[in-house]
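Only one chain is included here, represented as structure tokens and corresponding to the form predicted on its own.
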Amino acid sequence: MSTRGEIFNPNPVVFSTAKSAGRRSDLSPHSLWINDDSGSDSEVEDKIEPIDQDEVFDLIRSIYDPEHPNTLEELRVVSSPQIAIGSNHVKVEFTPTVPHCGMSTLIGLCIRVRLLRSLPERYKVDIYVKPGSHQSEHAVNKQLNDKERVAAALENPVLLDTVEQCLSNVRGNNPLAP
């Protein structure tokens, strides 16, 4: 993490974003799970609704970059084609803005937390750096997909606060600014 105010990419390229499909996440800012307003209808519980890559993209597109006041979509860190949906499996690939990005693990952690809070428990989530896009690709991928490392990271109150700031929908977020 950039603890001394060091910025890994001081001048990122910012792209315009596509309009959202009109879906707004029903996330509570400090809730671990999506707000459930429905009753306990057994009919509703028995029906499993499939998801597609656009729905997953809608969940992660608005996550803010830890260093810049821009979303991951605006920086082209995530895109819909980088998401694969299988039978109860979601794989997200993201592209850091620079090959030496020190925020890659934090960005991946933010993506994982958003998906764990939003998707039903039956989904296994894998997060990967796009092959060839980061100098420490293997190490970042190992950290992001190790349950114990993720759990330990989320027990750190400072790191958890940074993740919460990145997940908030407030423009101008820059949790690691000096």
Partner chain sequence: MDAELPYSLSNVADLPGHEDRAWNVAWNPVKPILASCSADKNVRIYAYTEDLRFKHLDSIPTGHAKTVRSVAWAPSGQTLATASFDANIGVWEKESEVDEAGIDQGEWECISTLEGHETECKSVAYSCNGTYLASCSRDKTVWIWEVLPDAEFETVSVLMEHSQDVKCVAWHPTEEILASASYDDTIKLYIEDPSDDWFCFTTLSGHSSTVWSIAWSPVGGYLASGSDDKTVRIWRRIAEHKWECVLVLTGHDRSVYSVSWGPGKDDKRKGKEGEHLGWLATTGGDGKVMIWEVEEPTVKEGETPSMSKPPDHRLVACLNAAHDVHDVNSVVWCPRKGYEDLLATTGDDGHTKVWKIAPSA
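Residue numbers count along the first chain shown, from 1. These numbers come from a predicted model, not from an experiment.
Beyond the structure shown, there is the form predicted together with the partner chain, which is absent from this document and is the topic of what follows.
Heavy atoms of residue 130 never reach within 4.5 Å of the partner chain in the model of the complex, leaving it off the interface.
The shortest heavy atom separation between residue 155 and the partner chain in the model of the complex is within 4.5 Å. The closest heavy atom approach of residue 115 to the partner chain in the model of the complex falls outside 4.5 Å. Within this chain, residue 76 is remote from the site of the partner chain in the model of the complex, having no heavy atom within 4.5 Å. In the model of the complex, the partner chain lies within 4.5 angstroms of at least one heavy atom of each of the following residues of 139-155: 139, 142, 143, 146, 147, 148, 149, 151, 152, 155, in sequence order.
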